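For reference, the chain that follows is the form predicted alone, supplied as structure tokens.
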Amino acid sequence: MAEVAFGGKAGKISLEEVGLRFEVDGEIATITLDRPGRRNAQTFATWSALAQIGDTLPQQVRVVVIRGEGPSFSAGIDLRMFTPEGVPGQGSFASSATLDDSTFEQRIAQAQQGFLWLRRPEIVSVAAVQGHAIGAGFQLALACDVRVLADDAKLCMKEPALGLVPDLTGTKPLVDLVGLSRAVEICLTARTVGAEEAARVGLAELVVAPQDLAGAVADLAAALLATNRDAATATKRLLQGASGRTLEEQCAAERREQVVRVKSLFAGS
């Protein structure tokens, strides 16, 4: 069971009820968005459950794959959240709008936790994207370290067209990957970015035929696992910090990490 928070209340609800599957096979964990009838639309429960998976991830896991069941990765926010009735047991945007600012921001912060843990240096997260990755779906893919796209993938940052902003940690990786100007254009037009363009502008590391997506992700996971675990963690940590450091600071960080690696490998030999 996963502990899921709805509007400040906590209750027990299974991942199946949320529309997620979580499986661990050795060092690989797979999270499947499993609401194909709603194109894997996401709710507050989805984000809370993702956060709980991150909090309880088995220590041996090194690679986390996120995929969607059916023809779409995720069509984004469940549109019932825009109705007065909302999603049963979870409320709506209208009910959230009655909260004071601090409480509302805290609720968003809790949702963001479902995405932030995917950047942890001790894991590599891989988004396996087919079909639609809209809004929250696009942001979930952006939260991952690597994106493998089927050639039918369609990415779209829909929130501004709905009067909202992207608030599920997607704006920074989007700017980091494509630059400010292209990010502004993609978000404010809310246009669709196809798989070919995604690869060209840096939003995808690999594009394959839909029938080859699972195999390509499995091959990538195997290649990632072939690298020494501690070296992979240290290297990802270095790469993540690089953009915020000067060259001199990055060189110092490299020295510190390398001292630890060499001593770990050769001290006492």
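When you see a residue number, it is the position in the sequence shown, counting from 1. Predicted model, so just to flag it, every value in this text is computed and none were measured.
Another form, the form predicted in complex with acetyl coenzyme *A (ACO), is not on view; read the next lines as being about it.
Although acetyl coenzyme *A (ACO) is omitted here, in the predicted complex none of 21, 140 and 143 has a heavy atom within 4.5 Å of it. Between acetyl coenzyme *A (ACO) and the residues 118, 77, 198, 148, the one pair within 4.5 Å by heavy atoms in the predicted complex involves 77. Contact with acetyl coenzyme *A (ACO) in the predicted complex, judged by any heavy atom within 4.5 Å, is made by just one of 45, 66, 63, 41: 41.
The closest heavy atom approach of residue 114 to acetyl coenzyme *A (ACO) in the predicted complex falls outside 4.5 Å. In the predicted complex, none of the heavy atoms of residue 128 sits within 4.5 Å of a heavy atom of acetyl coenzyme *A (ACO). In the predicted complex, residue 37 approaches acetyl coenzyme *A (ACO) with a heavy atom inside 4.5 Å.
Looking at residue 136, you'd find a heavy atom of it within 4.5 angstroms of acetyl coenzyme *A (ACO) in the predicted complex. Listed stretches are 155 to 163, 182 to 190, 120 to 128, 104 to 112; the contact stretch with acetyl coenzyme *A (ACO) in the predicted complex is 155 to 163, by a heavy atom cutoff of 4.5 Å. In this stretch, 48 to 70, not one residue has a heavy atom within 4.5 Å of acetyl coenzyme *A (ACO) in the predicted complex; the partner itself is omitted from this view.
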